[in-house]
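To begin, one chain is listed below as structure tokens, in the form predicted on its own.
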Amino acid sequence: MTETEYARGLEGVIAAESEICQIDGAAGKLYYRGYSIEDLAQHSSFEETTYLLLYEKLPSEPELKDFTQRMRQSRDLSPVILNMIRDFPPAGSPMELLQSVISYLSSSVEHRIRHSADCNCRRTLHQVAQMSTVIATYQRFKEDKDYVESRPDLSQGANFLYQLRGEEPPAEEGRILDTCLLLHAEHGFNASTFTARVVASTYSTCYCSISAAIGALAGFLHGGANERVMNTVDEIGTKENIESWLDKALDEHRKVMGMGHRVYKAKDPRATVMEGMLEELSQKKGDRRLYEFLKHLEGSFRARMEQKGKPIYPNVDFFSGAVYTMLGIPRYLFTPLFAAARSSGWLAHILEQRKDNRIFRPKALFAGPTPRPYVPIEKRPSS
């Protein structure tokens, strides 16, 4: 690339090496540290996958027991944070609340530890363990309900549903949400992860890095696609309206949310797992309407695009919003829940950045005015 060339949005630019996540977009494959997402979804848990991301290997039984215990002991919130959630402005978003909580956690950590190269992040696990508790508590307080303390015998996904509902979820629902967190835990150099690494490259704290990543995820071009999928479902209304809605949407060159991906040129492997869990939930609850609606929308849209020679496949967001909906999770919590899952991936990238750090300092191609003399104010033309 020459001095006069640039890549908008850093498209195709290799900014660093990473051993964390491999995406084979052409084949529709995703690996965390060499393990396929399908194997992890079937056999692992969010807690074990978080260990894998942070420690670069699958844990032994004693290691997993110790890690799980530490992570679960870190879930509960201090009275100060409970007051923060209770007093948070009603007009504020839960993503802004998450940023505030992470910033507070940083200020509560001893300065010497906070600014060390490792920052003790693998030990404290506040950022990963407490985010889902904050989200559940935010909803509880919004409904004028009491805070529910965590259950150390429940997985991260099951515990979130327990703290959200105030009662233990069915085992399959806890497992499904835990797998959802696992599927969203990591995905390479996306906007929020790159943001975390840029901040980490300055040797700012891991808390500041994750807070910045949450801010990046809050933007609608990055987070919130599964919310918009569900908004599309509402807009279409019934399965019988899908064809006419697609006619109009394609005529107006509108994007069908949840279909297509910037990286995958085949079906997103996370979407395949998510689809299976949606079907399972639909069968358990005896309500297949949402599942059948999305499958009809997917099939009809794909057929139309293939006729144009543009095969487009579902991404993870196409089915995840429906899974969350069937689990009783409000739509405005979808993106915060994404952040709670991705926090383990962000932390892994922050730690990797610090192993062989070089501060990010890209160039910009100047396109402004040529050098010119300063004009005194009395000689400037009036507007």
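Quick note: we count residues from 1 along the sequence shown, nothing fancier. Just so you know, these numbers come straight off a predicted model, no measurement behind them.
Same protein, other form: the form predicted in complex with a further copy of the same chain, not shown, and the subject of what follows.
- Within 4.5 Å of a further copy of the same chain in the model of the complex, a heavy atom is found for not a single one of Q139, L250 and G328.
- Taking non-hydrogen atoms only, L40 approaches a further copy of the same chain to within 4.5 angstroms in the model of the complex.
- When a further copy of the same chain is considered in the model of the complex, Q307 lies well away from it, no heavy atom lying within 4.5 Å.
- Residue contact with a further copy of the same chain in the model of the complex: C208 places a heavy atom within 4.5 Å of it.
- With a 4.5 Å cutoff on heavy atoms, T202 counts as touching a further copy of the same chain in the model of the complex.
- Contact with a further copy of the same chain in the model of the complex, defined as any heavy atom within 4.5 Å, is confined among 235-243, 273-281, 83-91, 145-153 to 83-91.
- For the partner-free chain shown, Y31, R33, G34, Y35 of 23-38 come within 4.5 angstroms of a further copy of the same chain in the model of the complex, judged by any non-hydrogen atom.
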